[in-house]
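Single chain ahead, by itself, as structure tokens, in the form predicted alone.
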Amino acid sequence: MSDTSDIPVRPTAPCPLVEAAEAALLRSLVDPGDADRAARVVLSAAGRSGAPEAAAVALRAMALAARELGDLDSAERHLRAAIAVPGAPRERVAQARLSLVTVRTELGHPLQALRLAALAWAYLCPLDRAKLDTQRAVALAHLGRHQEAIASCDRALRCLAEAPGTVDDQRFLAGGLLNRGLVRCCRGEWDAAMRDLTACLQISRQAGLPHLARLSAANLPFLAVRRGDVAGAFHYYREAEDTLFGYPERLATMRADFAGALLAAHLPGEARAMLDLAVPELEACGARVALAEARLKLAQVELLTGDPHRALQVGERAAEELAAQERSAWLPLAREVVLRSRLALGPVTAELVAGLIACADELEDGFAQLPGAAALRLTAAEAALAVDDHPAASAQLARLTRHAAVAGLPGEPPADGPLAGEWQVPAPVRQHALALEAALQEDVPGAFRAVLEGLAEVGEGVETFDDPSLRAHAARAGERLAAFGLALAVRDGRPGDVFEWAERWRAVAAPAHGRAAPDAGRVRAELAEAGQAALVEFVIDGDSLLAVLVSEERVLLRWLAGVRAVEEAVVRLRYALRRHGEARDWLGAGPVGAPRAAGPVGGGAALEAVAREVERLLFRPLAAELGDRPLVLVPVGALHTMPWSALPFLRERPVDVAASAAGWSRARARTRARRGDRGRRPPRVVAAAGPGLTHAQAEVAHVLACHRDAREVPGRTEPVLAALAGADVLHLAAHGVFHARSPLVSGITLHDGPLMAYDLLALERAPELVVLSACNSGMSRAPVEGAPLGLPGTFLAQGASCVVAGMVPVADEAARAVMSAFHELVATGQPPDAALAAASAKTGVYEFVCFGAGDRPLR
């Protein structure tokens, strides 16, 4: 929370030195360095002339200037000196205490800040008391006493609205609105929060208070994320980052607040990026109250991103800091991270189960933590089952399902008693508890029904978001529920049911236009139409990787390998492919584009060995049924980073990689529709080259020469985006960057900056075929299955049918060779997936993969 500063001003100045000190006070917000210099001159003169009032005001001005510059320790020292000035008027001493309220809060002592406020209260005029209330609200908010904080702001704003309207009155009026708006953000009252922040912004600008305007604007990223506008939030963030440059503590607090909103929006990677900047800055500024909160958020991020060791370490430190600050309302949140980390690290013990239950009780008693308490209670029930403590598990499940019959009526409390937390059980948690109860009673149909109803409710929540990353992360609320349903299907061993549940889960997070229920019969018919192809959908059940094979003739389920072994093998394969590429391109393994033997050359022995190992793990149990059919692969987990073309089993074989079977079917349907619209017209091809590559321009020239209706566009963002509206094929030859933590920030480097996945979200139309001749441009991260985030997934979500992109770094000479061969084949009528397979075999460049549906020729 970025709170406002306070600078009460006396209506009249008793002497020139006091006037000069108050002028420095006012200047501290606009130019703290200049204010500090002026205040020191006044302080020196006051010492020589024996003017205690001027000395007290000057010290206070120095304190506020230090605070603006992020030096909280100096701010406190100056304010304590002001309070201790012999002979200073009591009102001036009280005003210094008023300022110290905020500083002590920021230094991690909100309770002491409230005691200071109580000391100051008696010696302040009514108007200054209102100003003090705006500062008390900040301390109350950090203690989690949000209702009291709002009441304090309400009281202050009523008084300030009736004030004479001096600049100082306007400043506190705007500041009170800002603080109330931030507290309302914490309570999830988004519309009311936006009204307060907007009013603050207007008053600040009208009164000529750029500092407050900056602070108000700095909270817009936080609010935008909480309202679901992630793209807008990053726009506001960049603006706020510019305006807060030179105010390190303010900037760090803004970043930490923004991280909290990103975390709440299920964007832990983006939150980590903010916290990596904010935590060291807050440590350097000594802003201990904000630092403890930021560290707690960082611990939550570590846990969500799969590092329980680090989460435990950071969570324990956050708990120590919060305890030292007497912030009891925050402590259960820190304890929850610590307990979940220990649970992830194992083993489960009776003591750990008891701790989880106790923490769930604490969260239930705290502020606005009822959904979190319910989720932890479900975790406690599962942990209890792990140690065969069925009575404890049943007791926790009963608390989650007690009001299930009426839980679909929000706003109406149960008629049989107090809420006691159960009323705010999130739907996925409630349904998971119902499914678990049913499964414990061997009521499998009832368990499936509970899972199905829960996923339907999750899907309704996902529908409220347009941003694919928000949709994907919102769907994570149902991830464990979906895994439970899938595990039940696997346990029954019926391949059709496993396929149905795997597709059902992937459909929850799919793009808005792709939520139709999967139709296995239609998928089988389309596979037959696509050259008797087969589809392999990979699924994870616990620690195991399984495959469902679908073809026109049959549906099979096969256990493949342990997930860990596959993950490690994929990492080794990616490394070996990069090494192979380096040897081929830089160690004289022969000219790229020359005819190749069946296997790779130039460092290829290691690649061949690792590729055979991956092949053994993934395809040996399926090889007999697959034969030499064209394949559609639906990856899961680490397989989203797999360079499939490098596997000997798949070389020279058309392979499409899709987010789901239903997604592949939709991509084929789009292809049919496009062909119908285009008639006999040849495809319009546009191509562009990015900077810093020796062969990119030659590659673009060759692509243009292959096609009848082709043109080059400048390699800048705006012309490329404009060209997408009418193109059937887009080819970009440029550097590519993939950000695993923020996949929608991944992009293609053009002459005026990156063309990011985020930039594509506003497209009304995407080309049928997109070719990204760039390093790592095919990489994705899938927060949940069915919604891989990255450039291919974004192009496909925006209407493309097929995307060809690189999975590892690739030299531009090699890219030029394989892409030239690829376009020559596409221009002669080869489908994109077959053209890529042939071009890779011809050139020995296996770094590219075909996504979507590439089984139909362009002409």
Partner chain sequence: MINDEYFLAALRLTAGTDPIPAHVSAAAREVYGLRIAGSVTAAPVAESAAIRTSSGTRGDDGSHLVRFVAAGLTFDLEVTVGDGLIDVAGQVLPHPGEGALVDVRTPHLTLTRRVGQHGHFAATGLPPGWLSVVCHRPGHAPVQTRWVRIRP
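From a predicted model like this one, the values you see are computed outputs, not experimental measurements. Positions refer to the first chain, counted from 1.
The same protein has a further form, the form predicted in complex with the partner chain, not shown here; the description that follows concerns it.
Taking non-hydrogen atoms only, S74 never approaches the partner chain to within 4.5 angstroms in the predicted bound form. Interface membership of E460, defined by any non-hydrogen atom within 4.5 Å of the partner chain in the predicted bound form, is ruled out. Contact between A163 and the partner chain in the predicted bound form is not found at the 4.5 Å heavy atom cutoff. Contact check for P809: a heavy atom falls within 4.5 Å of the partner chain in the predicted bound form. Taken together, the three residues R272, R572 and A774 all come within 4.5 Å of the partner chain in the predicted bound form, as judged by their closest heavy atom. Heavy atoms within 4.5 Å of the partner chain in the predicted bound form map, among the stretches 129 to 137, 148 to 156, 247 to 255, 608 to 616, onto 608 to 616 alone. Site annotation in the predicted bound form: the residue of D492, D628, E568, E351 reaching within 4.5 Å of the partner chain with a heavy atom is E568. For the options R295, R781, R335, R214, the residue carrying a heavy atom within 4.5 angstroms of the partner chain in the predicted bound form is R781. Residues A733, A734, H735, G736, V737, F738, A740 of 716 to 740 are found to place at least one heavy atom within 4.5 Å of the partner chain in the predicted bound form.
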